[in-house]
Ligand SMILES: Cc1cc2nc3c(=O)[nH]c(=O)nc-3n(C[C@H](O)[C@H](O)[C@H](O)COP(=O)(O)OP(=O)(O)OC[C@H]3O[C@@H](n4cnc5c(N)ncnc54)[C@H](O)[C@@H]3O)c2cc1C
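For reference, the chain that follows is the form predicted alone, supplied as C-alpha cells.
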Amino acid sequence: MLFEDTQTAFVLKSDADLDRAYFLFRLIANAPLVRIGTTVTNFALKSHLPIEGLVRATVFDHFCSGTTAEESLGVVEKLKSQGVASILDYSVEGDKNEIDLDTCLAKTLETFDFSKDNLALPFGVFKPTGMGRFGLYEKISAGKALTSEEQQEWERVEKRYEQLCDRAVALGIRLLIDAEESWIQPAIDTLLEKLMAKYNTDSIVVYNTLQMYRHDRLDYLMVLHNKAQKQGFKIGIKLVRGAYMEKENLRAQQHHYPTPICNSKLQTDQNFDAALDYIFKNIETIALFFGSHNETSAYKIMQLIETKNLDKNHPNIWFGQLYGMSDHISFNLAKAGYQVAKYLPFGPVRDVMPYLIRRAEENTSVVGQTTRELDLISKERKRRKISGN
C-alpha cells in the first residue's frame, strides 16, 4: 500500500523531530489533557505570561513553518526537494477591526509575492474573516438590509478580495479561499461566484471551499457548475469534510433550526465521494484541490485519475495536507508523480496560538487520525533502529 512507506513519509524528519512528533500526538490523543492544555494556554496568553519559548519549541515548530514568510522559505525549499509544493498561510485569527483587516490583506499579499517565479508556491490562500468582519458576513447572509456605513464597509471587503485576485492573476497563481461557519457562508459564496465569473474565464484562479459534512453542499456544487456553464466561466473547488461540526450542531440547537451537518460519518463520506465523482465528470471545467487527510478518499482520486486516463499531474487536480500532518500521504503521493501541496501556517507565535489550539481540538475530535499518526511514527522509529539510519 502506497501510504505505508514511512521512510518516504518522514524523509525530512530527524530522529529528534520524530520524537517530538510522537510526544505531541500522544498528548493530542488525550482529549481531557487537550482541554486542560488549551484552557491553561488561553489563560497564559490573556495574562501575558512568557510562554512563547515553550510553545515555539514544541507545538509551533511542528505545525507552523515560521513566524514570517521569509523564515518559512527554508521549509518551502525542503519540501520542494521532495517534489512537494507549499502554500504560505498567514494564520492569524480572531476578531478584527478595519486596521487589522488591512494588515491581514497586506500580509497575505506579501505571501503571494514570494510566488513570483517560484513553482514551489503555486497557490495563495486566505480566510474570509481575515478580510471582513464576521458580523457583517452574518448580516448579509441573513438577508438583512445594511446601513450606509455597513454598505461602505462591504465595498471595502469586496475591494480586498479583488486586490487579492488581481495579484494572483499577475503572478500566475491560483487562489484558495477557506470556508467559514454555515451562517456566514452565503455572503462568501455569493461574492466568490461574482469573482469566478470575472476571473475564471480563460483559466481557473478562484477556488471556493466546500465542506462536505454539510448535506447541502453537493446540491450547491451542481447549481454553481450549472450557473458557470450558462455564464461562461469555470469553477475552482477545494473539497474538505469540515471543521466546525460541534459549533454548527450547537448553534442549530440553540436557534431551533435543522442542523446543516450530515447525520452520520457515513453520509458525509458518501457526500464527499459523490462530489468527487461529479467533479471528475467535469474535470476540464472544474478544478479540484483535495484538502483532506483521508487515505480512502485519496485512493479514490488516484483510481479516478487512472480510470479516466488522466495525467497524474493534470493541472486541475491537486492534493493538499497541513504541515505537520499526514506526511505519509503527501510525500508518497509526490513520489508517485501526483501534484501535492502542503499548507504552511505562519505568523507571530502569540498571534498564531488560536490556530494551534483549534488544530489540537480538531485532531482530538477526528476519530483515528491521531492514532494513525502515532502508528506511522512508531513504525518509522522502529525501522530506523533496525536499519541503523
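Note that residue numbering begins at 1 and tracks the sequence as displayed. Quantities reported herein were computed from a predicted structural model and do not represent experimental measurements.
The discussion below concerns the form predicted in complex with the named molecule, not included here.
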| query | finding |
| --- | --- |
| is_contact(Asn332, the named molecule) in the model of the complex, heavy atom dist at most 4.5 Å | no |
| Proximity of Gly320 to the named molecule in the model of the complex, heavy atoms at 4.5 Å | yes |
| Contact of Glu193 with the named molecule in the model of the complex (heavy atom, 4.5 Å) | no |
| Contact flag, Tyr137 vs the named molecule in the model of the complex, heavy atom cut 4.5 Å | no |
| Candidate stretches 104 to 112, 152 to 160, 304 to 312, 286 to 294 - the one whose heavy atoms come within 4.5 Å of the named molecule in the model of the complex | 286 to 294 |
| Single option in Ala179, Ile184, Ile204, Val76 placed near the named molecule in the model of the complex, where near means a heavy atom within 4.5 Å | Ala179 |
| One residue of Leu276, Val240, Leu221, Leu171 in contact with the named molecule, assessed in the model of the complex (non-hydrogen atom, 4.5 angstroms) | Val240 |
| Contact at Ser86, Asn118 and Asn316 by the named molecule in the model of the complex, all three, heavy atom at most 4.5 Å | no |
| Contacts with the named molecule in the model of the complex, stretch 330 to 352 (heavy atom within 4.5 Å) | Tyr343 |
